[in-house]
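What follows is a single chain, given as structure tokens, in the form predicted on its own.
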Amino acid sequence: MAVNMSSVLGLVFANMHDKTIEDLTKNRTMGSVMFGGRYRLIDFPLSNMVNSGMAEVGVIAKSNYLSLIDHIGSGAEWDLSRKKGGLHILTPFSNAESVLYRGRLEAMQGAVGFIKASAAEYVVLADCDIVTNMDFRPILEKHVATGADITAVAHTGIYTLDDTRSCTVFASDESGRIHDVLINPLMSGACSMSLNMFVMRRDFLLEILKQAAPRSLYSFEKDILQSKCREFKIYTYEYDGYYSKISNMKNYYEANYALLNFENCKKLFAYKRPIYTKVRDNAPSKYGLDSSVKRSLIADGCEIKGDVENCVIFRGVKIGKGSKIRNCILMQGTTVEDGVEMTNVITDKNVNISENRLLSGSVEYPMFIGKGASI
């Protein structure tokens, strides 16, 4: 059954997984974390919602959201700068009942006025820890066809302890109905892992929030999915497309490097479903006569005079003569002076590396240099 996507409200949680990559979220939301040379993590859920036909999206923020507001602005880049619907940034303490939320339920309690005011029939919830290019329409269609109270997007695969220690795992029957929910289990092997995307009717969500508030319930996973999985009709939608889950610095590093594989790039940046971001109109990157660049993503506005291999280089990065940069992620405004050697290093914004320095991490534990640091 086809669903009118203009009657679907999107809610994006910008801060929900900040603690998983604390080095990068000290001064920003998880949604503001840079990815893939020119994007932010919030670009992916926003673009997916817009490409699926949603016309109204609320972004729920908690703290450190100045860079988030600067990035998404009025939502014009996502065609969400509208008189009706459009993009809404929902900050804490926006009404008398708001609190600095502990979980997804309390986050939506702070936005309950916005949800009530929407004319949408359905609500899609999404976090910023999943990098993918997804069409929500088949998920809504399955939600309606099964008569589910909640549909949870999941992926079945082989996972390690590092993967499951910070995720939710579902057990379901042959029809896809969930009968057990494990939160942050210490397990490995084949399992169905939540991608932190959920669909439900708006009226059903409002009733959940109404019942949760006087009971001081705050965790959607624990207090709804886990506690009510046998009472509510909760189904999985098995997603088999390309995705990366950001749950620690190691897989943030790996997710960026996965884009050096052209096939992964084609899957993530599909021609018919583009990923939108804030446009800065930088000049093209410049390359010195003695420079060498191999198997790397280079954003605009860079100056490359040294050797770069297997790297993701963001806007405005400068690399001096004789420098050798291998397996690194250099974020916006990083300056690497002459004669530097760097391997397996992640730099935050506006880092300066003085000449003739030698910096090295490992694939398992990449070296991280904080925002604005000078070495």
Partner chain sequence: MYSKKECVAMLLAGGQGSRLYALTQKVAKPAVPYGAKYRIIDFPLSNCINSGIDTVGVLTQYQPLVLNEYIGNGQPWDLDRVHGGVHVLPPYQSAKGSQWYEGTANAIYQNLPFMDRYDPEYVIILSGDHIYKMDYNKMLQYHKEKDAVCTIAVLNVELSEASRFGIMFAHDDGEIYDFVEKPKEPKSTLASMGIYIFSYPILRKYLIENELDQNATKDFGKNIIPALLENKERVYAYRFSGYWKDVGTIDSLWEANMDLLNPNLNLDLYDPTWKVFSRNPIMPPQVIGEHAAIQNSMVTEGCVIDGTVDFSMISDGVTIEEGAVVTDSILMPGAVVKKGAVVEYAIVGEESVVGEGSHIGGRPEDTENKNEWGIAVIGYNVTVSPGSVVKPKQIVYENI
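Positions refer to the first chain, counted from 1. Source: prediction; values computed, not measured.
Beyond the structure shown, there is the form predicted in complex with its partner chain, which is absent from this document and is the topic of what follows.
Proximity of V144 to its partner chain in the predicted bound form: non-hydrogen atoms within 4.5 Å are absent; the residue sits far from the partner. Contact check for Y39: a non-hydrogen atom falls within 4.5 Å of its partner chain in the predicted bound form. Proximity of D163 to its partner chain in the predicted bound form: non-hydrogen atoms within 4.5 Å are absent; the residue sits far from the partner.
In the predicted bound form, G301 approaches its partner chain with a heavy atom inside 4.5 Å. From the list 132 to 140, 106 to 114, 175 to 183, 272 to 280, the contact stretch for its partner chain in the predicted bound form under a 4.5 Å heavy atom rule is 272 to 280. Site annotation in the predicted bound form: the residue of K210, R82, K286, K233 reaching within 4.5 Å of its partner chain with a heavy atom is K286. For the residues V169, C229, I89, V293, the 4.5 Å heavy atom test against its partner chain in the predicted bound form is passed only by V293. Using a 4.5 Å cut-off on any heavy atom, the residues of 235 to 274 that reach its partner chain in the predicted bound form are, in sequence order, L259, L260, F262, C265, F269, P274.
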